[in-house]
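Before any questions on binding or motion, here is one chain by itself as structure tokens, the form predicted alone.
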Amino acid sequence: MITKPKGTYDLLDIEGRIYKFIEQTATNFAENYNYEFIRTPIFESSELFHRGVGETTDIITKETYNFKDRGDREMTLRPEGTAGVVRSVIENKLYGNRHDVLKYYYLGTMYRYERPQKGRYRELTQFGVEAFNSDDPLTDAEVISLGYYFIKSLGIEKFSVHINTLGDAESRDNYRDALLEYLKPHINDLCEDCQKRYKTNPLRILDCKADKDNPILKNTPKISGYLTPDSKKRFQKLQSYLNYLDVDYEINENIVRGLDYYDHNVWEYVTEDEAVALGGGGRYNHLVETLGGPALPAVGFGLGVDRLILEIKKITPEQPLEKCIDAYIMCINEEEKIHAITLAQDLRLNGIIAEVNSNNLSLKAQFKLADTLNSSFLIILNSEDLQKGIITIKDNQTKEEFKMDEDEVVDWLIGNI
């Protein structure tokens, strides 16, 4: 038997319905905030991610799926969404002669070769947004609030936003020097990855999962003590805007995010019970320029849809979990089946979810199947009524029955669903 690759899973049944619920909600939220949909290729030139995400990040050093195509070109399955969107903005010159904020959202699969665990897969799905051409912390607050209220709209309540600032280049340089000085006598007491990061990207040590409870990391200097006045002001403004937007947040100075391109404000959406990060984001004012575009400030986030599915399954909201249809059409003989299939076609073309007895089930079995499908209405056909042009509709909740002319059925259901 052929089985699915390690670190992947089939999306079907309950999880499939939750995914569609998340997809529809994400689309509605993003478009309400005036974001436009964008889709970038699943694979891109490896250079894009090496230059964009950063050579020293775990994603690039350990987790990317790389291959050569038949033209001997180095390609990589996208490990995250931002770099591809930035490439598209540059390549298509979407920034030309515009004074408004460029806003895009995406929902797609990413690929990371990492150890599979609960809610973390090698093939993963992300919902993300990116906003370009604004350096105002107000935009950061808007992006954070979009993700915050989107998660709440899914029925997930027990989470908060953890925010931090990485400051400007001067702030980070000062902090990096202080952190290196502090860690120098302790570095051999940390994990192997942290010892490597000490030489390449010391701020990533703060985000180490293996040593997160190590007293050495708990007592590191805090970046808030090394911020320039401008960086402090920017972070204070963000907090002020989040307060006005009623976003539940807390300051967590260990939030650094796992990608090299971030600066200034960064954040994660974190569950209260298991302290699991549902996703996160931050500002990246220099990435567009790094990838060959103009100096264009930007900010965005990415949320893990797979983790959102697990959280929703915990709370089991009825709407996305239940399979339900609007009308089940009951029929027995050939004459009734012809009426059933043509009526179903009319209903479906008018946006009504309809199902027909296409397995020659008995009436008893059809009633049972309609209940299994949570059908709101039953449309009961019989040859005697059909000869008179009459159809019976039964409300499956109240059990009330209605008889009407056959040509009134579609309009009646549209008005009662």
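In this text, residue numbers run from 1 along the sequence as written. Given the structure is predicted, the values throughout are model-derived calculations rather than measurements. Take the two forms, find the largest set of C-alpha atoms that superpose within 1.5 Å, and that set is the rigid core.
Another form exists, predicted in complex with histidyl-adenosine monophosphate (HAM); not displayed. Remarks below refer to it.
Checked against histidyl-adenosine monophosphate (HAM) in the predicted complex, the residues 261, 328, 150, 105 give one hit for a heavy atom within 4.5 Å, which is 261. Though histidyl-adenosine monophosphate (HAM) is absent from this view, in the predicted complex it lies within 4.5 Å of a heavy atom of just one residue from 278, 247, 190, 291, which is 278.
Shown alone, this chain has one stretch from 338-346, 166-174, 198-206, 105-113 that lies within 4.5 Å of histidyl-adenosine monophosphate (HAM) in the predicted complex by heavy atoms: 105-113. The closest heavy atom approach of residue 186 to histidyl-adenosine monophosphate (HAM) in the predicted complex falls outside 4.5 Å. Heavy atoms of residue 257 reach within 4.5 Å of histidyl-adenosine monophosphate (HAM) in the predicted complex, making it an interface residue. Among residues of the shown chain, residue 313 is not one whose heavy atoms approach histidyl-adenosine monophosphate (HAM) to within 4.5 Å in the predicted complex. Contact check for residue 211: every heavy atom lies farther than 4.5 Å from histidyl-adenosine monophosphate (HAM) in the predicted complex.
Proximity of 15, 21 and 377 to histidyl-adenosine monophosphate (HAM) in the predicted complex is absent: no residue of the three has a non-hydrogen atom within 4.5 angstroms.
Looking at 107-122, the residues that come within 4.5 Å of histidyl-adenosine monophosphate (HAM) in the predicted complex, counting any heavy atom, are 112, 114, 119, 120, 121.
Core-superposed comparison between this form and the one not shown: the C-alpha position of residue 275 differs by no less than 2 Å.
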